[in-house]
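Read the single chain below, which is given as structure tokens and is the form predicted alone.
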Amino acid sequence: MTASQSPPEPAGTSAPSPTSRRGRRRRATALAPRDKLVLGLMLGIPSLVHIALVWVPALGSIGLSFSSWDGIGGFADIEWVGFGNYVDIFTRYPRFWPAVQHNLTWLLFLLVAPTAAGLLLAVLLDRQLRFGRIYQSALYLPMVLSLALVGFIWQLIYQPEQGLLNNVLGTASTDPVNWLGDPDINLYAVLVAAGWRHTGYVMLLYLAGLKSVDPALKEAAALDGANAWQTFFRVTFPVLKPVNVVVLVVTVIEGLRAFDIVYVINKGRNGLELLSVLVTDNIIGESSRIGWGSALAVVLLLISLGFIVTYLIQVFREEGRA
């Protein structure tokens, strides 16, 4: 037997089959009973809490939207009225259509102004400016504040006689503008306050997306002779498509759930009617119309799903074609 030859295998032995090797790997990666228990608790408890606090109330609201109930008696006192609540809301409720218009205006404003401003600030801060971290913190700081506190701050700014804005404009002592009391302009005044808070959040999302863009793409575009605008709109911005989806979803949620800021200012009346305010007024207000409030909540849910689902379908179609 030469050195290059391997010794023969003992009789009765054979090389392990691929099936046995896979079985050993499965046994090696199998979770111990204790690990299964921990994993089940970590997944099961949050799932149960989510179902109990989100899905059960949502499905309950959908069911109650077809009923007439004051919320005081038991479930036996519920009177089912079918689509009567929806018919009354669409035809006989004078505050409904102004609230829908205000919600859509709120949403479109957040989609345009704070989103564009946040993207611009993110592009500027991505250039490694001096004191960039300080600028990021200052611009993101309003997002840390609650909408109720933002409303209180901007009430001080918008006060007719002693507010900052009228004093800067020089109209505080001559002809003060009632920014929050005039129903023709108070919605836009509140939108500025809401946009001031939302801009920092959009900036942070886009800044995180810009940090993840491969620098080689920009270098390749520069070698091809593309200027800064062409590089951004043809190379960088298409790469930010996942961030755009996140910004859209966050903005739709932020625009349609707006409640705190207008309720702090004037309880959502006199030009600041929103669907969320109508839901609150009908469910926990003096009227205590649980069915009406639930129907309004379902309408708000359908509007939000309409925007999000439509955009996601378009995104998935484009990815499928690619």
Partner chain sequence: MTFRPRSIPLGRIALHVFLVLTCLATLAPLLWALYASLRTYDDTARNGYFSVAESLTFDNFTSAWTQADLPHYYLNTLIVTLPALLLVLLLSSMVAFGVSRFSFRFNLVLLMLFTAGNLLPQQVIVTPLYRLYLLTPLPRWLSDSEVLLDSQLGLVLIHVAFQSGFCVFVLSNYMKTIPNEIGEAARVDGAGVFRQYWQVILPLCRPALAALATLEFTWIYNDFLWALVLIQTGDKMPITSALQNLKGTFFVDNNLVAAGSLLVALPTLVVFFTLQRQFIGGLTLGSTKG
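Numbering follows the first chain given and starts at 1. Computed from a predicted structure; not experimentally measured. Between two forms, the rigid core is defined as the largest C-alpha subset superposing within 1.5 Å.
The same protein has a further form, the form predicted in complex with its partner chain, not shown here; the description that follows concerns it.
Enquirer: Please identify the residue among Val87, Leu129, Ala116, Leu108 with any heavy atom within 4.5 Å of its partner chain in the predicted bound form.
Expert: Exactly one listed residue reaches within 4.5 Å, namely Leu129.
Enquirer: Quick one: of Pro142, Pro98, Pro176, Gly181, which gets a non-hydrogen atom within 4.5 angstroms of its partner chain in the predicted bound form?
Expert: Selected option: Pro142.
Enquirer: Among the candidate stretches 216-224, 99-107, 181-189, 76-84, which one is within 4.5 Å of its partner chain in the predicted bound form when only heavy atoms are counted?
Expert: This holds for exactly one stretch, 216-224.
Enquirer: Evaluate Val112 for contact with its partner chain in the predicted bound form, applying a 4.5 angstroms cut-off between non-hydrogen atoms, and reply yes or no.
Expert: Val112 lies outside the contact set for its partner chain.
Enquirer: Heavy atoms within 4.5 Å of its partner chain in the predicted bound form: does Phe259 have any?
Expert: The answer is yes: Phe259 has a heavy atom within 4.5 Å of its partner chain.
Enquirer: Is Ser146 close enough to its partner chain in the predicted bound form to count, meaning some heavy atom within 4.5 Å?
Expert: Flag for Ser146 set to yes.
Enquirer: Should Val246 be counted as a contact of its partner chain in the predicted bound form, where contact means heavy atoms within 4.5 Å?
Expert: The answer is yes: Val246 has a heavy atom within 4.5 Å of its partner chain.
Enquirer: Listed by sequence position, which residues of 163-190 have a non-hydrogen atom within 4.5 angstroms of its partner chain in the predicted bound form?
Expert: Stretch hits, in order: Leu164, Asn167, Val168.
Enquirer: Once both forms sit on the same rigid core, is the C-alpha displacement of Ala58 at or above 2 Å between this form and the one not shown?
Expert: Moves: no, less than 2 Å.
Enquirer: Could you tell me whether the Cα atom of Lys36 shifts by at least 2 Å between this form and the one not shown after core superposition?
Expert: Yes.
Enquirer: Superposing on the rigid core, do we see a C-alpha displacement of 2 Å or more at Ser47 between this form and the one not shown?
Expert: Where the cores coincide, Ser47 still shows a C-alpha shift between this form and the one not shown that is 2 Å or more.
Enquirer: Report the direction of the Cα distance change between Asn244 and Leu312 in the predicted bound form, compared with the displayed form, as closer or farther; the change is 3 Å or more.
Expert: It is farther: the C-alpha separation of Asn244 and Leu312 rises by at least 3 Å in the predicted bound form.
Enquirer: Based on a C-alpha change of 3 angstroms or more, tell me if Leu312 and Thr231 lie closer or farther in the predicted bound form than in the shown form.
Expert: So the answer is farther.
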